Every structure is written in C-alpha cells, then in structure tokens.
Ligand SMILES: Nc1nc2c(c(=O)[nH]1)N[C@H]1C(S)=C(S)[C@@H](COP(=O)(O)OP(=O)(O)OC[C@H]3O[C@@H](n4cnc5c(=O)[nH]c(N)nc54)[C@H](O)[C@@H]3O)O[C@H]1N2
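The chain below stands alone and is given as structure tokens, in the form predicted alone.
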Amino acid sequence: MTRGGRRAPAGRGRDGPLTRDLLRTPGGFGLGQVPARLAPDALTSMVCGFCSTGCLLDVHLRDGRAVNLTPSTRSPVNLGMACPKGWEALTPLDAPDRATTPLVRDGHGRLQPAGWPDALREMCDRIKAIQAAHGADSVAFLSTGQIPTEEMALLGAVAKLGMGMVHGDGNTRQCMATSVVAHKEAFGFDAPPYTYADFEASDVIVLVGSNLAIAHPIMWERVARNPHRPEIVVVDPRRTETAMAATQHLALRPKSDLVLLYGIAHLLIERGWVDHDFVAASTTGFEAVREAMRAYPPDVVAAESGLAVEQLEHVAATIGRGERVSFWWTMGVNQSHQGVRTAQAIINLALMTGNIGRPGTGANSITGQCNAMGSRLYSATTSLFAGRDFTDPDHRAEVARIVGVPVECIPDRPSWSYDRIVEGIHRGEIKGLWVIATNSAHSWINQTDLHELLDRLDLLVVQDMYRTTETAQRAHVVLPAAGWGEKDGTFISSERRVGLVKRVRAAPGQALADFAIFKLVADTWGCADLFRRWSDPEAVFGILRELSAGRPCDMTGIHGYDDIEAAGGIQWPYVAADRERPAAETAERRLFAGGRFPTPDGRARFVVDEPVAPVERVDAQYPLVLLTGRGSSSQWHTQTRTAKSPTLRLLHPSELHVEVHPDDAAPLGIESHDEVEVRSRRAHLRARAFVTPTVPPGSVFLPMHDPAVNRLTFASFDPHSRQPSYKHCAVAVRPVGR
C-alpha cells in the first residue's frame, strides 16, 4: 500500500496474530469481566463521561460489576455533588439498542451480522480500493471528544501514520475550535488558564454566552459557594436560568456581542481602568486596540446592541473597579460566525485590566464534551500531538523519534476541518468516511444536506455504542464499541485536569473498546508493527507523556495511572519538580501567574478586527432569529445516551417546544401549548409553543437535542476556526391548523 507516493511498512496482514489473540482472549481490551485489579465487591472512582467538568464519581461494585454511582467527596472538582446525568451515567450501558455485533450491509441494502474478521476485511479492503482508485486523500475520519485520550491518540496514529489518511477531524470542531484558535493567537498555546477555584475567589464573574446553571451545573454550584457576594454579569440575549440569578443581565441583540465587548473596552480605556504596568510588561498590541476602540462609544454600542447607555456604563465600572474579575464563555460565543474575534475580545478585557494569572481572574473558555481537551491536544487530527504542527519538519521529526515510526509516515500538511471534509464529499473528493463515537447525521449544521451527502459515499464505516443512531443507520459497516465504564483510559477536563476512566462493566456481546478496534484495524490493514509500543491504554499514556515533554501541556511528572488515582485527577502542566511539592499546592493551579505566556516573546497578544453581520438575515418572510442551546441539565447533545434513561426523560419536556416572546406570539394568535410550525429557508418542523418573555422579541429558542432542529440551521462558519454558527438563522413561526 502506498501513501502519497511513499511505501508503507510491511505488517502482519489481515487476520494476523493480534486479531486472533484479541478475539479469543476474554477481557481483551473490552471483553470479559471487570479487571482483576478491582475487587469483586469494592468502591472505586472515575471521571464522569458526560460534560467537560470532570466530576469524580464513586462506582459501587457487586460481584465484579458496577451497580450504582454516587458523587465522590474527595475530588477538588465536584466536592460530593453530581448533576442528573452523573447520577444516571450507568443507565445508557443497559440500553436494548446497543450494538453487540459487527454489521455489514448486504447486496439487498440490509445491515446483516458479521464476524469481526469479515467486518474488518470489508472495511480495510474497501478503503484500500478507494485509495487506489482516487488517492490516499479520498478517505477521511470524523472522531469525537467522548472517548479516552489514549484511544484518540491511537486512532490518529493508525489512520494517519498507518493507513495514509491525511484528513481527519473531531466533533470538537462543533464546540471548541473557536476557543482553540483564540487561545493560540492570544496566549501562544491552547491553554485555558483557570481552575474551578476561581469561581469561588472572584468578586466579579462575567459569563458570556453561557447558561452555566443548565449546561455545567456543578460549575454553577461552585459559583454559588463564592463567599465574596460577587457581581455576576450574564451576557445573553435570552433570560436563561443563569441570567435570572445574575446581578446584571445584558440582554443584547443576538450576535451584537463583539460590538458590546468593544464598547466595554472603550469605556475601560476612557475611564482609566487599564492596568498599564501589566500591559507594558506582559502584552503586545495594546495601542492598536486603543485606537480601534475609539469607534465604539456608548451611544454607538447602545444602538447596535439594544442596551441602554446606563447599562454599559454600569458593567464597565463593575469590571474596572473589580479586584478579581473572571471572564467565562462557552457555546454562545464559540458557535458563531465571528466567534474567534469575540473570544479574543473577552481575552482583551482580561489582559487590559490585568485580570489573569491571579486567583479569581482569567479569560476562561468552558469546554463542552468530557474529553474535548484530550481531543484538542492528542488526537492528531488538525494538529500534531501535544499542539505541534504537521507542516513543521522539526515537529514531525520529533514525533517520529518519540513514537518510533519513519518520519515519512507523518503527513506534512494539516487535515481539512470538519466542514471541508463535508465539502469534500460534495465535490466527490472524499469517497470513504470512518465515523467514530459521534452522530454527525443528527448534530451537523444544516443536517438535511449532510444526510444526502452521506448517501453518496462509496463507504461509510460507523463505530458506535448504538446501532440505531441516524449515522449508523446509513453505514455500510457498523463496528460495535464499548462505552464509558466499559474500558480504561483518561479524560482531560475544562480546567486541564487529567482523570481516570475505568472498565467496571463488561461490554455486551462482541462489542470492543475503541482501543481494541483500532488495534484490530491496524492488524487487518497490515501496519500493526508500527504500533507495537501502543500495547494497552496505559502504555499509550506513557507515550503521550513523552510527547508532552517540554510543551506547555507537559505532564511528564505523572508517572502513570496510579498517580492520577491517588490524586483524584492532576492538572497539566505537571512536571517532575511538581512531585516534590505539597499536594495542597498542586491540587488546583492556574496558568500565567508570572505574567509570561508561551509565545516567542513571552507576551500575550491583543487581537482586534472589524465586526461583521451574520450571513443570513431576517426579512418579511422569515422575520425571527432562531437561537439554539441546551434544553435542560438532564439532556446531552443528541440524546443518544441520555434518552436511554427513564429518569432523565422525566426531567425535560416530552415534546419539542419553542420559546416565543408574547409580542411575537400575539399578532399570530399563538398561545402556550399550541402546535406551531417553525420554518427556515431549508426545512420546517412542528413544536409546542411556550409563550414567555425570557426570549427576546424578534427571536425564538429551540433546544438543540431534537433531531429535527439542525434541519433548520444555516451552514455558516467562523473564518478562523471553521466552527459552525448554530446560534443564528432566520425563521418564521405560524400556528398549525389555522
């Protein structure tokens, strides 16, 4: 097999010894019972597999099988608390629609059970045939932020170093790409600087586009524990649960947040609320920001945002006079057509006021998925391991030396981003796609287009816990995967904390840990010899430690899983010298305390750009802006897992509902509980109306979890991060049957 004109190393070939050994050995990376290192009746702890908070859960075992969960009291993260999803984390493992055997689509178009060797041969032979006919770039993969870091790293290595793929991205493109780009440009590395203790140390907490109380309930609990009676400023068009508890709610017009942030910066500069000593010693680019901010006086910003000048003056004074101000953002910023510049405008506020590197401060992005941070650093998708660059020959040589592969096996160009892979299918350049632990046919923006594109593929391989996802139903090959609690590895949380995931249940039927599946694919492909060192998850963690050495994410001081177990999780960076420090000093740590940043000159960078309007505008036919977001703390993304729990289903509405402001509902004769149609220029759906002033006039809100919602959304993307703009499109609402 050749890759880009280079000959791949010889391997063991299909049905090699590794394949035979894994499939006949009970307990092989996912088969069999709980590992012997766990007592049959015992209590063990591991990190939750839902959001990025990284809560530690105590797992109760009976006869070698997990039977119950309780929140751990020994974690510095959740302090004995858990949200509804955490309490129910085991339930999705028992769902009746689990994928329990490989499936291959037959000549009549039906998915039929197959043995692992047959399914793997079908996958590998067809990928090789596609690459032989159309080139190595004609097959891509889409990964996830919801499998352990070691599995992500092995996937990236097997797909890119072994199978010759260049293009592979993760669904973290949908949640965190904006923050990654903003961090790299401003700080020099993808480095969220905070620890959750900052929620409790701030005297001013600014939340931009974040419904923290619903999306990250345990983080909101940390806010509630703050003893300083903090000012809580929420910037959000909608009066969310978080906004209701705020001391200031800036209910701005949708997508006017960049102008608002520039207006606040204007006032901070004008009123002298700038830490000039910090700016001079630790930053570059402030003078360009000072000049650009002249264009955003309060009257201009008020007209654009819909806020009163008095509100702007008040929030600027709150920030300017605060001693410990922390700024936090999540999907309301990230999922935007200008999200990177908005995130950088938040960072600018922290830098100009010197609110970074001290307790209770920081420009702090909050991650979505449980292991989005692991994906960002170690999946080898659009960046090389540990934040390196595929285009840098020194980086490629360093990775080749550490991993022990020929340097020519490492692609010398970056992958296409998720949206460009989708465009590649449309152009006929991507003929085969391998989808791992994500449900693209539900979650991708302007979903109907993707459905049609997936059906064009010569080969679609889906590797998932469930055979019933919208994406799996379109697959030519389905590979049954173990879920959280059925395999070992690590997750990295929003605050950079590395935590353990453990196998406390046996995977059902023939389902295997993703780690085992990637090993089997390598064996069937014939490149297993490249990955002899990648023998098990903890061995891969050792490789990742080596790859992190000397990088801002250095974790060489973590000697193995036992260290993580003993500490209940360890934040990176964690080097050898940290092992000698008292545990109290290393339990919760923030970055940039010395005012130095991982840029070439050690200084953080101010970044500023002109605001631009959303691509899709409202008009007489589609007069309302559609806002989307999390519906309740019991729902998670596409509900592939949370919908399996009867308890969680009881905690959110049984029908899709749309929030409509009374001023918009009255002319249409819409009342609460009426059935209405929500229509965009692409599709329509039906929902129950909830008439409420919590959504602003001229807007409606739909929870993102329903499979129909992303048929409406408009496929626009941030030009810097390529992250989709889920939070803004034009729609109309009308009552049904009138």
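Numbers for residues come from their place in the sequence shown, where the first is 1. Fair warning: this is a prediction, and the values are worked out from it, not measured in the lab.
The protein also exists as the form predicted in complex with the named molecule; that form is not presented, and the subsequent description refers to it.
- If you check the named molecule in the predicted bound form, you find a heavy atom from every one of 175, 215 and 639 within 4.5 Å.
- Contact with the named molecule in the predicted bound form, judged by any heavy atom within 4.5 Å, is made by just one of 463, 490, 202, 365: 463.
- Proximity to the named molecule in the predicted bound form, defined as a heavy atom within 4.5 Å, singles out one entry of 326, 494, 171, 179, which is 171.
- None of the heavy atoms of residue 99 is located within 4.5 Å of the named molecule in the predicted bound form.
- Interface residue remark: residue 544 is not counted as part of the site for the named molecule in the predicted bound form, having no heavy atom within 4.5 Å.
- With a 4.5 Å cutoff on heavy atoms, residue 632 counts as touching the named molecule in the predicted bound form.
- Residue contact with the named molecule in the predicted bound form: residue 206 places no heavy atom within 4.5 Å of it.
- Residues placing heavy atoms within 4.5 Å of the named molecule in the predicted bound form fall in a single listed stretch, namely 253-261, out of 347-355, 253-261, 269-277, 119-127.
- Residues are counted as partner-facing when one of their heavy atoms sits within 4.5 Å of the named molecule in the predicted bound form; in 461-486 these are 463, 464, 465, 466, 469, 481, 482, 483, 484, in sequence order.
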